[in-house]
Ligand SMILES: Nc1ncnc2c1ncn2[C@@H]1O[C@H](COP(=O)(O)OP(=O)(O)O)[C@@H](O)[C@H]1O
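Here you get one chain, nothing else, as structure tokens; it is the form predicted alone.
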Amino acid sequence: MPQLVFYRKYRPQSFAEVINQKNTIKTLANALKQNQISHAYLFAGPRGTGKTSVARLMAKALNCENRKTNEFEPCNKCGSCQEINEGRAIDLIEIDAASNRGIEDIRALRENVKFPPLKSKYKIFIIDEAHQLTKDAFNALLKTLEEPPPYIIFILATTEPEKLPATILSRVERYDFKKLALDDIIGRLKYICHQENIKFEEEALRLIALYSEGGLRDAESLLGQISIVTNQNITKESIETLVGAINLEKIKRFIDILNKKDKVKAIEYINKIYDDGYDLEIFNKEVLDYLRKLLLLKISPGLAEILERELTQEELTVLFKQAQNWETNVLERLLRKLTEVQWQLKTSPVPTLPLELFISEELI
């Protein structure tokens, strides 16, 4: 079973199936119902949040043979919809700008634009990772965006919209995609597990969701990979072993050691974590996240509302109790220092050194 099979298999086939992008979907739906179609769109946002999936849905809806006036959902039954679902639509051209970023590639695209669609109402170009196009390629694309034929629609997708030239941004209709909430990702993973007869522990899915950092594609891909290794039985321990995720208890224990200012135990703990095979970048990142939660609770108990989606009530109770042992200014200082450590861990010749230096300098 390929690693990405779940992501492909469970790709949304209608706008109603898209998770957590309500404002974007509502605006696109209204545009489709009112036939107010732009010649160029920009879908911007973190990876795995549905940009290319929504781009394909737009392509389906625009060329759907059965979609009536005042409707926006593709039928998924006509020849055009089925061809897009099966990846064989000749009037839908998908370009990965990461590997087709030069001016010659865009010149070829411009030549393609001259020809009308062979079977559909629109010829649609989806350019993924659009920010990776070269300056010359952008200039060549700009000429096409300025005066495209009426049968051409461009959809640019990017994780870094700030890298697109202002001249391009001024000629596209922009939609911003946001990271998915933890509960939304967990809910989707549960659905896939039930469909695929995969046994799972709740905490295991929570760790997958946390590890994916708000990207559903990453979560679904990881679920597919781990389900193979674990023979369709996903446990908390298997996630920790396979991806180096650190459970909350290990983080809590380290935070308690920091609070007691025990240098020897702290350094021993870091080395044990490393010897046990955990990724120190992931460990430090989760320590940062834990300290952030403590800081928010220290600033105001009312900020617990921000954390309720990520934590159980029992975990929140532990955090409240632990926050009482810290001063706000100390938490702020540690967060700043560990943010620097996060970058140092990427390049350190000795993996444990940045954290050991942090401990030596901070636990006075």
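All residue numbers refer to positions in the sequence shown, first residue = 1. These figures come from a predicted structure and were not determined experimentally.
Heads up, the form predicted together with this ligand isn't pictured, but that's what we're talking about next.
Put simply, of K298, R47, R67, H39 only one has a heavy atom within 4.5 Å of this ligand in the predicted bound form, and it is R47. Picking from 51 to 59, 31 to 39, 316 to 324, 299 to 307 the stretch near this ligand in the predicted bound form, with a 4.5 Å limit on heavy atoms, gives 51 to 59. Looking at this ligand in the predicted bound form, residues L180, R217 and E220 each place a heavy atom within 4.5 Å of it. In the predicted bound form, this ligand sits within 4.5 Å of a heavy atom belonging to Y7. Contact check for E17: a heavy atom falls within 4.5 Å of this ligand in the predicted bound form.
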